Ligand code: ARG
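Take a look at this one chain, the form predicted on its own, written out in structure tokens.
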């Protein structure tokens, strides 16, 4: 039996204290990251309510202005560390409503008209994700730029190309680093696709089925700087969780690229290779071995890549068995979603200066070449002289002694076709990187301008 003393009063009724703690979960902590999004979503909603037909208008324009001023003040309070979400609030939505009611009285009680926490959290997460994905794209472009600059600076430095981790063919540091830059640019296309999918406004869906008042969902979408509203109100709520999994899927590809980069660097900075030297700041020591310089950052990149993949898997598993309409299961998709975004962004930020400060050991790289590395090049030379390829293949295989004294630099210089060591188009890569960076600048400026117009003050709020 539940005793009366174990019950807690909340905005939406009296709830058993244990049930309240269990159902609120970590929202009291996690929702702090959604405070600004919830406030701007509420500002757009009350602006729309004040523009409804007079016969059913919920708020006057003057009342909407008061609410927006209180919301801006609330954002400033939060930035100053003077805002808290309590367990009785359950989440950021009811915390904002509580604060508005405390300041504005009955006016604060009106802001939830024609809304549900279902479409509130959906719009909050999309606004949050929009800003975060722009951050991901900007940081991805910065890392790709660092890799491309590193590749350009060491374009002609010979490096053994490997398959199965075994020496294979002559390659270069430029080819190696530029390959990762191009991989990140392909990943950026996936992140951008997720960004555009996210850039739709679900507000006005309410509890998944719309409301019997003539709300203007297009207006709310425009006020919040979205490209368009989600068309179907049930889909607006059903897309929760699935959208997060799509975003995490794009982030997983980013992390896959940087995890392989990290693995290469762990190997190639080992004394047995010695191709590269990590910057001093990115090498940690041992508690017992004075001489150690460990690639802890790179090892954690590999681990964080696995964790971002796990975040996507968690969200997929949460969503896959949910029936249509809102289900509370979706609350548990919030934490892995936020965690995956945070880990991806932190990883991109830590790797850019690491690449910029990476040392190159030209002597060790050249010493990595054994005569056998030139076997394929020699076979193709024989083909150019008229020998059938398979005959040239067997000739070289049986006469590996002919490969002594081959010059790695000369071998690279002969590979001039598009994308080969001497045919890399660093300018084209740089142009693709600049296009991503410019897109981030333009999208962020447009987004922030819309929110500034909505609130009547600069955005982000100072």
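Residue numbers count along the first chain shown, from 1. This is a predicted model, so every value here is computed, not measured.
Beyond what is shown, the protein has a form predicted together with the named molecule; the following relates to that form.
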| property | result |
| --- | --- |
| 260, 242, 77, 117 - the one with a heavy atom within 4.5 Å of the named molecule in the predicted bound form | 117 |
| The unique member of 91, 97, 132, 187 whose heavy atoms fall within 4.5 Å of the named molecule in the predicted bound form | 91 |
| Residue stretch of 105 to 113, 133 to 141, 367 to 375, 118 to 126 approaching the named molecule in the predicted bound form, non-hydrogen atom distance within 4.5 Å | 118 to 126 |
| Non-hydrogen atom within 4.5 Å of the named molecule in the predicted bound form for each of 27, 326 and 334 | yes |
